[in-house]
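A single chain comes next, written as structure tokens; it is the form predicted on its own.
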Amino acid sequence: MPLPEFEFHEPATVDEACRMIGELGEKTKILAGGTDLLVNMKKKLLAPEHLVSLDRIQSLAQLDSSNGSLRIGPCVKAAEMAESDVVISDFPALQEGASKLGSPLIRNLATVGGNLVTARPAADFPPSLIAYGATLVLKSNHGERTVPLTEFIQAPGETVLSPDEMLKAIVLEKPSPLSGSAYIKLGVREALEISLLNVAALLTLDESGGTITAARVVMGSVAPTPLLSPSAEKVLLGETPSDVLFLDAGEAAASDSRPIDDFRASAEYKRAMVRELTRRALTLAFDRIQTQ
């Protein structure tokens, strides 16, 4: 199936890309990995007049772990995230999300930024990134602004990006000592599967290792946008980790979820799986703290 006609632009710097995006207007799309954009263009769901490729801008394809934080360029590939020593050691839930995205071929093309900007409810990266408190740096000709990922995705396919803005970086602070995290995805198949649902969890214990001082549970594909569970956090904070506590947190997360019936599964089944995947993710996160 052929692509519709378009003009191709290949800026060499972020400033040049921003200038192009601002001048070319709303009939412009940014091309990074292209695993969603090009497919939708072939299906005639999108017909941009201009494509602005970010492929030549090396700074957008870098991982920087200096200063106690991780700065992720939006063009970093999922495969690189899955294989990065820093991501594996400090952000294991993020590594698990990257390693479960599509097939090896797709992971070699798909970018972190594209996975966020397309704003799919079942996307693999947002739950883990939200669990780690990710912030996004957005840039245009008028300057930069920083937006928490929790505020970035507004609805399926919709973000706070203005037509003249691009995603410049994703920034994560390294979790506190005695922290553990995990990401679990439920699908019908092992690969090339859109999530029935996914769950990321993060736990931080006090210095004695006995009490939970910080907790996040984030669910995907059970609401129009990735969903942070305040009820699960409330159940967990100030408590001692245990199987019963993680069961209770799973119940709380399920009560916060808003799944719908669709051709993949019923809302009732998804809610039951939120309970189970939350329990599993919290258990794995706690196990990782104990093995530090």
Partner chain sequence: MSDKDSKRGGITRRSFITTMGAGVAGVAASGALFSGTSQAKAPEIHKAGEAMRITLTINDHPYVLLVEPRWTLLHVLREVIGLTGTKEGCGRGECGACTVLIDDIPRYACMTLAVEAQGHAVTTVEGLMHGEDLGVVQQAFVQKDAFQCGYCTSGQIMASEGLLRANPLPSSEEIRRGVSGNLCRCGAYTHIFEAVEAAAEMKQK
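Positions refer to the first chain, counted from 1. Computed from a prediction, not measured in an experiment: that's the story for all the values here.
The following text describes the form predicted together with its partner chain, which does not appear among the structures shown.
A.B. asks: Which one of these stretches, 231 to 239, 50 to 58, 246 to 254, 263 to 271, sits within 4.5 Å of its partner chain in the predicted bound form when only heavy atoms are counted?
C.D. replies: Flagged stretch: 50 to 58.
A.B. asks: Lys42 versus its partner chain, in the predicted bound form: is there a non-hydrogen atom within 4.5 Å?
C.D. replies: Yes, Lys42 is a contact residue.
A.B. asks: Does Arg280 reach its partner chain in the predicted bound form if we count a contact as any heavy atom within 4.5 Å?
C.D. replies: No, Arg280 is distant from the partner.
A.B. asks: Is there a heavy atom of Glu16 lying 4.5 Å or less from a heavy atom of its partner chain in the predicted bound form?
C.D. replies: Within the cut-off, so yes.
A.B. asks: Considering only heavy atoms, tell me if Leu284 and its partner chain come within 4.5 Å of each other in the predicted bound form.
C.D. replies: No, Leu284 is distant from the partner.
A.B. asks: Honest question, do Ser69, Ile153 and Pro177 all end up within 4.5 Å of its partner chain in the predicted bound form by heavy atom distance?
C.D. replies: No.
A.B. asks: Can you tell me which bits of 246 to 269 touch its partner chain in the predicted bound form, meaning any heavy atom within 4.5 Å?
C.D. replies: Heavy-atom contacts to its partner chain in the predicted bound form: nothing from 246 to 269.
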